[in-house]
Every structure is written in C-alpha cells, then in structure tokens.
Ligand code: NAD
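The chain below stands alone and is given as structure tokens, in the form predicted alone.
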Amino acid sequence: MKIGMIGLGIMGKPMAKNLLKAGYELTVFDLNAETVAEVVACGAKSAPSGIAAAAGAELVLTMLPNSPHVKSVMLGDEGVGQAMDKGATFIDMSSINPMASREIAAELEKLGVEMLDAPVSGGEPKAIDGTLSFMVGGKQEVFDRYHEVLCTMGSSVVLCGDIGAGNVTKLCNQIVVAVNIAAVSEALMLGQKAGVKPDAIYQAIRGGLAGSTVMDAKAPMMMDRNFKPGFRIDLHIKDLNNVLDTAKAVDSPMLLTNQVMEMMKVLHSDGKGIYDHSAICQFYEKLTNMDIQR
C-alpha cells in the first residue's frame, strides 16, 4: 500500500518510522528538512510538497498542530485534497476541533475522497513504542479497511462514531489528562508541605484507586524536575481551547477544565509553554515558593 504522510513532528516522526517497520511504502513531507532526512534514512521517500506526497497514494495521513493547519493543507488553494485520487482515503491523526473534521470531510466527499478523524493519546513514548491509543470517527467500512494500518502505530484503535467522533473523544481524553495532572500536582504539594515525601505518597497510592497511567507517567517527571516535552503545555492549551469551543457549542459545563486552563495560561505567560504538561506542578510551586522533590 502506498501511503503519503504530512507532518513529522514529535509524534509524526516516530509514527512514520513504525509504518516503515511494518513494510508500508511511505512518502513524506515536512517543513523540517532534518526530520525528513531522518525518516528517509529509515526507508521513506521524500516529497517536495504535500501534494507530491499524496500523488498516487491510496492513503494520506496528516499529523499537524491544529485545525487551521489541517484545513489549509487539505482544502487550501493548493490543497492536497484536490490532488488525491477518487476512492483514496484521508486519515487525520491530528487533534483538532471536531467541527473542523466534519467540514473537511464534507468537502473531501465532493471530491470522492473518504476521511477518518483519528487523533491519538499516549505522547512521544507511546508513539515511539507503537502503543498509542487511536480514537476514530468515520464510516465502519473505511475504519475496517485501514484498521491494520493504525494498529502498526497503536495498541488500541477504537471507532467512536461518525466523522468528528474521534476528536470529540480526544477532547474528553484531554480533559481527564489535564485535570489528573493538576490533581497529582496539588496532592504532592500538600503532602510535601505537611511533611511527607512526595515519592512516598506516590508509591503508597499508585496501586490503589488514585493510581492512573497519568500519575505513573507524570509524577516521576515532576519529582525528577524533568520537563522535557512529550506533550507541551502550549499544545494542551490548544486542545483545551477546542474543548471549550465545543462545550460552548453544545452547552456543556466545564468548571474543572476552565480552572486548569487558567493554570496553563499562567505557565505560558511565564515562558513555560514549551515544557511538558507535567510542569503544571510549577503553578503550585510558584504559589508556595517550593519545588516538589522526591
């Protein structure tokens, strides 16, 4: 199967490498020439543009920052959608506004191109391991046709509903992750100020009801002062903006999400938007003038 892929960032690059390991014929495009060269060294072909990457491909994949980027790439004046063959399929693995997914799908349908929205969760480590969780929206028959492709990059691939349902589910995921990180930060800070070491708290509660994948991934980073981005605060702000826009459209209350969003915006203002979202703990550290330590 010939696949074109556009977007080789923190997530896209390892995902592309896993496609190559699985034996797919892959042509890639990204503005970062160094990243493209790294993926080409693993067996991909390089294209000078998104249109060139999509030319003749049965499947086109994108992994881009946000809704405007995906809409521009697919529907712009030199949109990739125009270059795709009738009967080809587009899978957007970006995390974008579900309304944008539906708009893009409607325009591509006019061109005879099918679409799935398939955002992921798991961050860079799971992108590297090929154990991402895919939340997919679209037609059952299209999902079935490309399920195996997604399984080369993820260990969980779930069809959540019609087009846009993948990104609705991803927004729900991002609420749970953000609030969980904030709760872990708040708890560890309370424990430390009350005289109990954060690592002791973490080890004691991680096996009980309070334990979570988020806690296991982020609490050690907080205690080790390791904020190298697996998923940047600025990207989580982007996702929560999409959450709040969607919530407004359907009149759903967002009390906790709004609170965590304000924390992240403070960190962005402090120049920490490029840090991993585990750095939410630094909001509490700023208030207490105390770092969370093992």
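Counting begins at 1, following the sequence as shown. What you see is a predicted model, and the numbers here were worked out from it, not measured in a lab.
Keep in mind the form predicted in complex with nicotinamide-adenine-dinucleotide (NAD) is missing from the figure; the text below concerns it.
Contact between Gly9 and nicotinamide-adenine-dinucleotide (NAD) in the predicted bound form is found at the 4.5 Å heavy atom cutoff. Not displayed here, nicotinamide-adenine-dinucleotide (NAD) is kept clear of Ser101 by more than 4.5 Å at the level of heavy atoms in the predicted bound form. Although the partner is absent here, Met115 is not a contact residue: none of its heavy atoms lies within 4.5 angstroms of nicotinamide-adenine-dinucleotide (NAD) in the predicted bound form. Residue contact check for Pro220: none of its heavy atoms lie within 4.5 Å of nicotinamide-adenine-dinucleotide (NAD) in the predicted bound form. With the partner omitted here, the residue from Gly123, Gly76, Gly191, Gly130 that has a non-hydrogen atom within 4.5 angstroms of nicotinamide-adenine-dinucleotide (NAD) in the predicted bound form is Gly123. A heavy atom within 4.5 Å of nicotinamide-adenine-dinucleotide (NAD) in the predicted bound form is found for exactly one of Ala57, Ala47, Ala44, Leu64: Leu64. By the 4.5 Å heavy atom rule, the three marked residues Asn32, His69 and Arg232 all count as contacting nicotinamide-adenine-dinucleotide (NAD) in the predicted bound form. Partner contact region in the predicted bound form: 89 to 97, out of 192 to 200, 89 to 97, 139 to 147, 205 to 213, criterion any non-hydrogen atom within 4.5 Å of nicotinamide-adenine-dinucleotide (NAD).
In the predicted bound form, just one residue of 162 to 192 lies within 4.5 Å of nicotinamide-adenine-dinucleotide (NAD) by at least one heavy atom: Lys170.
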